[in-house]
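Here we start with a single chain on its own, the form predicted alone, put down as structure tokens.
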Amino acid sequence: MSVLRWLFRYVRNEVLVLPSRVIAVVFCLSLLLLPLFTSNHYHYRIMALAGIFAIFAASWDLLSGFVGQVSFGHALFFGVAAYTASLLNLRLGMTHYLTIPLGAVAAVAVGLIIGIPCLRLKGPYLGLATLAFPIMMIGLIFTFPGFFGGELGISIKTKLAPTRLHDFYVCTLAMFSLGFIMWKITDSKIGIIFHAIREDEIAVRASGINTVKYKLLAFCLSGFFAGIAGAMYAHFQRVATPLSLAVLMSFQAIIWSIFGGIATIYGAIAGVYILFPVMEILRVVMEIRMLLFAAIVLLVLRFMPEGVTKWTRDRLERECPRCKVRNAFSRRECRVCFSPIRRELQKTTP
């Protein structure tokens, strides 16, 4: 009973006080209870892939959204982990319990390899440099088709889970746990330093912080989470192909993150769960599928330039002008300092 009482107080005092948290909880419960409303394996497959891609998009947001190290070749981490997991499973017979973490470690190593030469680059120069690495990897795959499988890729013996329902739950729970870890990283002292580097790296360096170390850390962390997504994707599809390294894969992560709301982590996840099912629905009009998809993205970003989640949050919540704590839009006084919340005061506060 004490546990239930604590849970009730936590939900009442921490979750129900903000509409955005209520939406997040409803979203999580809806995903977990999805099998109660459908038994279609196609639906499970779409939601499982959305979970994998949500981890991938959030890892890009961790690097580019918070640190400002814009990467146009983020698919390199994804593809390297996928090929590493496939090779370890096919050549050495390792199970996915080993290949997935080892694929993530390989992606971390690649993050170090990319991060070291790219540390002095900024803006478009950094983006172009990161874009070159997955193209080089694709060239390497085609140069040694006997080892990497060429265009057909490498098949995998071990499935991610026995059934599609198990696939769905594995990917969904992985998305919940890894997304929460990435969010906590950005909400910690490390996340504050990441944000400061993005805003003014010279000032951060002048304050005595080793920005090189933290940028390398960002590359490694981003590569680790993207690597987990890539290795899971390889086991889910039971094949690793050059498509996992394609430029389109990198730009999909960018579109998902910006659409949902950059520098939030949860925005990237929301962007995937909105846009990926939409792309599947648009298969009914295959001839104009990409045109409609581009129109949806452009229209949303035209009226919600900061992303769907930030736009929704700004409409449902208001910030206290005194203590800066967010409150539900219906409240007239702050839930922490009890100061009056007035729109007029918010507009005049610098």
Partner chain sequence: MLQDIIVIGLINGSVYALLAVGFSLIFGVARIINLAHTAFYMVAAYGIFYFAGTLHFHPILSIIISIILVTGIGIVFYIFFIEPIREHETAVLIVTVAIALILQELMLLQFGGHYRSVPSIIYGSAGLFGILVTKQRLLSLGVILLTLAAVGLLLRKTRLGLAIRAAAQDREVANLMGMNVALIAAITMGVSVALAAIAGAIVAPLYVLEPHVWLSPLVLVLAVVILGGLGSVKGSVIGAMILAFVEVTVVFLMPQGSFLKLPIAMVIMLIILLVRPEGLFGVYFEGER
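Positions refer to the first chain, counted from 1. Just so it is clear, the structure is predicted and the values come from calculations on it, not from any experiment.
Quick note: we don't show the form predicted in complex with the partner chain, though the next part is all about it.
Undergrad: Hey, with the partner chain in the predicted bound form, do 105, 109 and 185 all fall inside the 4.5 Å heavy atom range?
TA: The answer is no; none of 105, 109 and 185 reaches the partner chain.
Undergrad: Which pick from 281, 33, 295, 26 sits with a heavy atom within 4.5 Å of the partner chain in the predicted bound form?
TA: Answer to the contact question: 295.
Undergrad: Given that the partner chain is left out here, which of 207, 143, 163, 177 has a heavy atom within 4.5 Å of it in the predicted bound form?
TA: Flagged contact: 143.
Undergrad: Where, among 95-103, 81-89, 247-255, 151-159, do residues come within 4.5 Å of the partner chain in the predicted bound form by heavy atom distance?
TA: Partner-contacting stretch among the options: 247-255.
Undergrad: Could you confirm whether residue 192 comes within 4.5 Å of the partner chain in the predicted bound form, counting heavy atoms only?
TA: The answer is no: residue 192 has no heavy atom within 4.5 Å of the partner chain.
Undergrad: Residue 315: heavy atom within 4.5 Å of the partner chain in the predicted bound form?
TA: Heavy-atom contact with the partner chain at 4.5 Å: absent for residue 315.
Undergrad: Find out whether any non-hydrogen atom of residue 238 is located within 4.5 angstroms of the partner chain in the predicted bound form, and reply yes or no.
TA: No, no contact at 4.5 Å.
Undergrad: Is residue 147 close to the partner chain in the predicted bound form, meaning a heavy atom pair under 4.5 Å apart or at it?
TA: Result no; residue 147 lies far from the partner chain in the predicted bound form.
Undergrad: Using a 4.5 Å heavy atom cutoff, which residues in 111-149 contact the partner chain in the predicted bound form? It's fine if the answer is none.
TA: Contacting residues: 117, 120, 121, 122, 124, 125, 128, 129, 131, 132, 133, 135, 136, 139, 142, 143.
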